[in-house]
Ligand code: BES
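First, one chain by itself: the form predicted alone, in structure tokens.
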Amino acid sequence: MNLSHRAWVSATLVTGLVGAAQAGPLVWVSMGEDAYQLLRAAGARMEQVEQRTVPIRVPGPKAGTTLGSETIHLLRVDEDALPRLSHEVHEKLNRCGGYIAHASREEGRRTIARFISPPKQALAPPNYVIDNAAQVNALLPLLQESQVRSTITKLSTEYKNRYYTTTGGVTASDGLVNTWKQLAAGRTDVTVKPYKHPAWPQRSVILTIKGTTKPKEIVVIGGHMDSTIGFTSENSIAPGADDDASGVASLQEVARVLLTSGYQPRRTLQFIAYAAEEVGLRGSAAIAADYKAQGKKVVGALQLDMTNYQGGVSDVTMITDYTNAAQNNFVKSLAAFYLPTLTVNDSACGYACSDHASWTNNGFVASFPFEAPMGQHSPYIHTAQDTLDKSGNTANHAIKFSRLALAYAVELGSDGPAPASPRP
């Protein structure tokens, strides 16, 4: 739905401690009320501020969720103010993310309008019945904490940073392509391709296992490969072990087990490492919009962003806002059935906190299982201290998310019970 100009609450605001000659270019972004107030308090140069109220699901006082709302601001802001905003969202709001980047005012308006009135889903809701226990239970023991730990170590130590414009960000992407191609060796039903983004050098990476009977229906499991410390340059130290080497490592281990075991899904499975999440969800937004434009049938998307820091007593926290309630309940049921020792609770993470929002905004079903209740997650993200030792030099927490993601991939990717074994 396109909103008329009159439908927006509009204002023009130009503030700033930076003179025009020193200021960076103005760019379009949208953000929640709390992030916007941080931007104002910092004296950032901004203009043409518009605001809307978006309905969201938040944890209820008892079990389940309740309907709430969030004020979203669309504005042009000095691009140089955004790294500081990202840092302060972490430091003062105890969460990550904070904004979505837009090519224009109209694109930003369309994005917010879709959060207010979500597009009709192209597919009927999938069957959320758990009916592949034999396959899942045979594969779960093959997942190895040591493999997840090794990937986190590699991503967080071999590159100074994995920022979307730096050499480290580009070489990390290229390295992931090579690693995933090695995992896929010998599988003719598997492809590994970099996804090019014209506006920046880092590429997203997509590993595809083609479905046998419903190849046009796609199940996505994703995490972002880039890292940041806010003001990130070529030589900045931004290891990003938890944010988000852990999520990429968790999903890569699922891909490894499915590939080496010879598992063949009925629906197509895609494992995606997104570029440029830390600068406004740019990589996932481009991919999700591309899939929507092509009419691709994405049955569900699962986001793994920060999986290895266990804050508090919970094992898995389901993010309720900007996600799909029915699929969230399915993911919870998978945890209860296959991983009954895990504790699962709900939390909200705010506007634009990770790539699940890009899928939701384009009309696809998305869920985001997170490492801890919001505010109890790793306090080291977006700093040079986001290293594996902050999780005890293990991937004991991240492997839980690999198990959950494997159950999700097989149950949703199989589209019904596994065929009966032929009698001897």
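Numbers follow the displayed sequence, beginning with 1. Take the two forms, superpose them, and find the largest set of C-alpha atoms that agree within 1.5 Å; that set is the rigid core. Computed from a prediction, not measured in an experiment: that's the story for all the values here.
The next section is about a form of this same protein that is not shown, the form predicted in complex with the named molecule.
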Give me the residue from 322, 99, 163, 271 that has a heavy atom within 4.5 Å of the named molecule in the predicted bound form. 99
Which of these residues, 281, 155, 81, 255, gets a heavy atom within 4.5 Å of the named molecule in the predicted bound form? 281
Against the named molecule in the predicted bound form, would residue 77 count as a contact residue? Criterion: heavy atoms within 4.5 Å. no
4.5 angstroms heavy atom contact with the named molecule in the predicted bound form for residue 44: no
Against the named molecule in the predicted bound form, would residue 306 count as a contact residue? Criterion: heavy atoms within 4.5 Å. yes
With heavy atoms only and a cut-off of 4.5 Å, decide whether residue 359 touches the named molecule in the predicted bound form. no
From the candidate stretches 229 to 237, 245 to 253, 272 to 280, 210 to 218, select the single one in contact with the named molecule in the predicted bound form, where contact means a heavy atom within 4.5 Å. 272 to 280
Residues within 4.5 Å of the named molecule in the predicted bound form, restricted to 370 to 399 and counted by heavy atom: 370, 374, 377, 381, 382
Residue shift check between the shown form and the other one, rigid core fit, residue 98 Cα at least 2 Å: yes
